[in-house]
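Quick setup: the structure tokens below cover two forms of a single protein chain, split into structure 1 and structure 2.
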Structure 1
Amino acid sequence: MTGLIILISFLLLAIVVVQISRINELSKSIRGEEYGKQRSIDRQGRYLLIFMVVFLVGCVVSAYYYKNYMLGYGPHTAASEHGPMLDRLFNVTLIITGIVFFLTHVALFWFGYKYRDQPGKKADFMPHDNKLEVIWTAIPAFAMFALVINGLVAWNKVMDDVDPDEDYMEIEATGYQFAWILRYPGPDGALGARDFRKINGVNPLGQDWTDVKNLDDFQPTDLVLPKGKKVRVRITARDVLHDFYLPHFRVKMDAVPGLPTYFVFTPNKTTEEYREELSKFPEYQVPADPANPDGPQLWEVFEFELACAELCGSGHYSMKKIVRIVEPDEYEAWLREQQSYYLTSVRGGSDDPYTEQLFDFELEARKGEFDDALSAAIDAEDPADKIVRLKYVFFETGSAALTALSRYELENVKDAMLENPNIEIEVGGHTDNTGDAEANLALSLARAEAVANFLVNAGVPQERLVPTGYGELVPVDDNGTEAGRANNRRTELKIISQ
């Protein structure tokens, strides 16, 4: 029924328009064609003037109304050291082009009214005017000269690269459909080499793991930077053209596949400081979620953002990433929490070129872990707590042969035995419940003897070691899970005398 009513309404409207048109035609025929034409021309001329006024006033009013939401105005002043220079350049451009905009539109509509067709008036033919041509050539040329000179000065300062001797930090941003991958250097302060041929599901950036500078690089979720620190961003893309865009910092640079670019800037406002500036404006003292009037206000949930300023595909909108600017001490605390991508995602996998060795920091961590466990066992009163499980001692599958990396943990055991000459230990071997029970018992004993033999060959007196095999009889974990079965295949030390 509603659709039928709408259809009938449109039909009636069409009939009214047709009837008005017919009335207008009859009026023209009665009053005369020339008279009707002149009235139409005069009316259109007045409409042009009215539209000009409404349009220009609307431009001014809307710009004023929304100024506090625009970059460069209200609270949205630049949050980087070079930003104010670009804002001034944009303001100069706005003033010059704004004057031209208003003058040309006033002339456009005023001339349409002034030089409309009128009875008794005839247009003058003016084929050439040197003075007029000099004026409309010289004024735009001067305006362009001012804009280009200002632009070149700003460009040379903003796009200047870092001096190798100055204090700065370097990070990397790689765009792909549809996200950004951020990479920071670790404690060595240097980003490792990349090779696009090494890109795969585990190695999204194609990092060359044989370059030791890659081993401590990390890939955080958010872009976190310290206030007051000069930052050089390496910018690249993995598939199509993207654009690294930090609007609040006046940073914008194309990310081009195969052609690395960069941008250098220094953030000078933390996220919290920017929020405080926003809180002074009524536009941001409203609920961030209109459906939750009692929730946080708009200024409280503000975040800087990293976006893509190129139309890179249907998922372009999803390339937004949170940017946090913090005080230097907070940044250092955040850095200490970050973990190397190599250690968390590559170490021990098929792409790891260092599967047969441990790094110094790993050795120190494992030694500290073993020493703490041994001290706790020595100090324990309950015999059940006088056990140290060797977490990093492994055997070849179905064999009593120690793997190459097991030697590092056994070196820790050897050092502890030599430092504590009164300790006697039982080396206990275990297995899971897979296979024959008697075979498992024999295998567990052989593994315990392999550990004891390693320690004897390393200088520990044989009489201080008692190898014992438990097979699957004394499980230390649940055999119902893979993790439990793996724990049941461990070897352990039990202090029997100290």
Structure 2
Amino acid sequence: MTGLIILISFLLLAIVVVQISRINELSKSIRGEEYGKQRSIDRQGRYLLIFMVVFLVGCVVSAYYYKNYMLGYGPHTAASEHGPMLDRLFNVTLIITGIVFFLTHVALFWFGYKYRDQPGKKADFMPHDNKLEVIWTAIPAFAMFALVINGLVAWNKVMDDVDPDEDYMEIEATGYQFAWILRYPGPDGALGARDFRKINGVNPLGQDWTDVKNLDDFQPTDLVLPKGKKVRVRITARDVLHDFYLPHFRVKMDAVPGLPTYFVFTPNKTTEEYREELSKFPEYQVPADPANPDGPQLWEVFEFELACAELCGSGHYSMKKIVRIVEPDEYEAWLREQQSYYLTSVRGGSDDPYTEQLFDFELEARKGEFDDALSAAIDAEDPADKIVRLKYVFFETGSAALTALSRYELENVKDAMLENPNIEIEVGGHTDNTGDAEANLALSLARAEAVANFLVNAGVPQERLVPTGYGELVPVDDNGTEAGRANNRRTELKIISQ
């Protein structure tokens, strides 16, 4: 209905305009063609002048109004080392082109007005003027020359790749529909190899886990960088083109599937420092959330952002990551908190090529874990707390044969037994409730004996060990679920004297 009304009013308006225009033209010829024409010419000449003034003044005023957003001014200064160089170049170009813009526009509109058709005037015959033409070819040529030289010097400086010997860090950003994955090299300082064929749900980058460089790489949610450190971002894409764009740092580079690109830059302002700068501008001294006038101000919640600047599909506009620039010591602290993606998400899973092997740090960690648990049990008063569960001791399914990796934990037990010669323990075997209870009881005893035998062979006196089978009688979890059953299948040490 509204559509119809709009349509009808539009049609009526069109008819009115057409009629007025017709009458206007008709009346011109009635009042005398020449008279009407001249009036119209004068009027259009004036309009040209008015337009010129309004336009040029509008340009200056709007530019002044938005000056805080011009590159390099106000709250829009660059936060990278190379940024100010580019901003300066922008502003130099702005001044040169601005002058040309003004002069040519004034000439264009002024001539249009001044030399409008008027009775008695005659046009000059002026087909060309070589001197003038040489001058106005030479001037832009010279200006271009100056701009090119400056531009190229800056360009080559910015795009220069790192020298392998210099001090820099390398990280990686990978675009996919529609987000970024960041990857840091971890303590070894090197990013591991990737193969797009290895990509799957738990391996979003297709990291090749047989490359040990991958094992400590981590994938943080935010892009965190230390101030003042040169970083080389390796930019890749998984599916279509993306573009790694850090507006505040004057960084932009396409992410191309199959062809890693890079951008080298040095952030030189921390997020905190940038917020500090913003706090001086009134447009940032307003509540960040208009609904909450007492909440933090806009400058207080400011964050640098990573965006995508190459059309990549329907979610192109939403590929955001927060970028945090911090002081170097804060960065170190942050680094220590980060966990290797391999260890948190891949270790022990079906993609892990190292399931038959434990890394030194894992051995150390397990030893620490066991020793801690044992001393806690030793110190405990309540007999119920004098139990240590052997978390890493497993058996082949349905048998009492220890799995290969179980020996590491048992070595820890042996060491502890030898270190604490007074301790005597019961080795308790437990099963879940699947299958026959009798058989479970026998199996649990066999498993407890297997553990005791291992320890005896390792040098623990036999009399300090009491293997006991509990079968399914002492569950610690719900046998109704798979996780609960897994929990119930266990081997425990109970200190019976110390």
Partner chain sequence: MANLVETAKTKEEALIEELGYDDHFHDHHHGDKYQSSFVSKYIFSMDHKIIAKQFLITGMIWAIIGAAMSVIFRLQLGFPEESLAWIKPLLGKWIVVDSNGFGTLDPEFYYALVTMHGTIIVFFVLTAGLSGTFSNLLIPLQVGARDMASPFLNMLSYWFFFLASVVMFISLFLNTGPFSGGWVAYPPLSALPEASSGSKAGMTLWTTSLVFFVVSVLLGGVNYITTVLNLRTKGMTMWRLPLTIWAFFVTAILGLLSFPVLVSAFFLLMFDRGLGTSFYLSEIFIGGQALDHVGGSPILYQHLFWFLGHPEVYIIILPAMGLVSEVLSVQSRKPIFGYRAMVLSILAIAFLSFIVWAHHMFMSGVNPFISNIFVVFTLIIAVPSAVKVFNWIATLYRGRVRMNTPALFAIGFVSMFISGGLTGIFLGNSAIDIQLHDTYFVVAHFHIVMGVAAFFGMFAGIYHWFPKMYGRFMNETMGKIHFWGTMIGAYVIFWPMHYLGMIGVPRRYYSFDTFDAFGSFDGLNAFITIGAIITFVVQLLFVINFFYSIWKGKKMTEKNPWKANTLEWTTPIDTGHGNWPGKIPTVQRWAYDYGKDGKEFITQVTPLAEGEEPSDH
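Being a predicted model, the structure only gives us computed values, none of them experimental. Quick note, the numbers are simply positions in structure 1, starting from 1. Heads up, when I say rigid core I mean the largest set of C-alphas that superpose within 1.5 Å between the two forms.
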query: Matching structure (the form predicted on its own), either 1 or 2; finding: 1
query: Yes/no, A401 Cα shift of 2 Å or more between the two structures with rigid core fixed; finding: yes
query: After fitting the core, L49 CA displacement of 2 Å or more between the two structures; finding: no
query: Core-superposed comparison between the two structures, M126 Cα displacement 2 Å or beyond; finding: yes
query: Cα shift between the two structures at A458, which is computed once both forms share a superposed rigid core (Å); finding: 2.6
